[in-house]
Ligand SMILES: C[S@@+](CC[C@H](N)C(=O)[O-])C[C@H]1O[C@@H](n2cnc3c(N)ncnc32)[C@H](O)[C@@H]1O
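This document starts with one chain, in the form predicted alone, laid out as structure tokens.
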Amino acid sequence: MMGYNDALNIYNQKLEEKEFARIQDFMLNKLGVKLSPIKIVMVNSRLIKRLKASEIYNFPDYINYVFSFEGKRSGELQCMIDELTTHKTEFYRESEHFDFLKNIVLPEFFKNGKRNFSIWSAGSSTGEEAFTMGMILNDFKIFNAGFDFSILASDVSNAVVVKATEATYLEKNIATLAPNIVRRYFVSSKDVKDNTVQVVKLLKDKVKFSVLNLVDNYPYPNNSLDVIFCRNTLIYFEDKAKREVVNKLISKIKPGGYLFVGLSETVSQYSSEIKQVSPSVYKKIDRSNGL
């Protein structure tokens, strides 16, 4: 059992450059994420809680444990990854993209006689993006007979995938949503003091969450997805990894399908297989008809 002095000692620990370099190498080589030298303070701060949780009193011993067989088996390596990856998100974040999906992509898809729409939220964090997709797609389904959809959602962090699967959010997280959207797609907790809501089962059943590292291989066939959202995730990759990820994502999109990236991101320099059609929206070129 950790005593008061042990806990105090942990909070006084400082991550040295040697240990930070090991973390940098792992994040770059295994996840494609580049941690700049100035991030040492952030990493120090975030990993203090892991020292406390694992009851390891200094960074050298903790880092040795994390990268050991036992550290991987116990899940501590995944816990470190969870702490060092960013998970900022919200419902209808960068709403321009959801407007484009609703007003351009879906009508075009349906007009071309297609009915089963597949979309992937790559870097889905705690699920708000995937469930926003679900709300838009289900609204479209209501008014277009024969249309159906499936949603894939993935993140490198096991912790946020677990939270996304639970589909439970604070009431304040949906405060900006239109009342009719809230009524259709959320149910309040039975405990009024809980201040939480849950996504309705109809929508939860449409989203398949998984843990996936975008640097690794993807379990989806080539040319199988109509749309991929990979927004505000590529900014954390170094250039070589970013190029590889972008091209792997494109390979999974059907000709004529779409790739959405964050509003501050551009990816046209990485592939000749796509063309930009709107701010941070790219269409995969259909070589069969030149579109």
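On a predicted model such as this, the values are computed, not experimentally measured, just so you know. Position 1 is the first residue in the sequence shown; the rest follow in order.
Quick note: we don't show the form predicted in complex with the ligand, though the next part is all about it.
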| message | Please determine whether each residue of Glu129, Ser157 and Tyr236 possesses a non-hydrogen atom within 4.5 angstroms of the ligand in the predicted bound form. | response | yes
| query | Which one of Lys204, Arg93, Lys163, Arg184 is close to the ligand in the predicted bound form, taking close to mean a heavy atom within 4.5 Å? | reply | Arg93
| request: May I ask you to choose, among Leu137, Val105, Ile119, Leu214, the residue with a heavy atom within 4.5 Å of the ligand in the predicted bound form? | output: Leu214
| query | Is Leu47 one of the residues lying within 4.5 Å of the ligand in the predicted bound form, judged by heavy atom distances? | reply | no
| query | Within a 4.5 Å heavy atom cut-off, is Lys252 in contact with the ligand in the predicted bound form? | reply | no
| query | Ser150: heavy atom within 4.5 Å of the ligand in the predicted bound form? | reply | no
| request: Find out whether any non-hydrogen atom of Arg231 is located within 4.5 angstroms of the ligand in the predicted bound form, and reply yes or no. | output: yes
| query | Counting only non-hydrogen atoms, which stretch in 49 to 57, 219 to 227, 62 to 70, 30 to 38 is within 4.5 Å of the ligand in the predicted bound form? | reply | 30 to 38
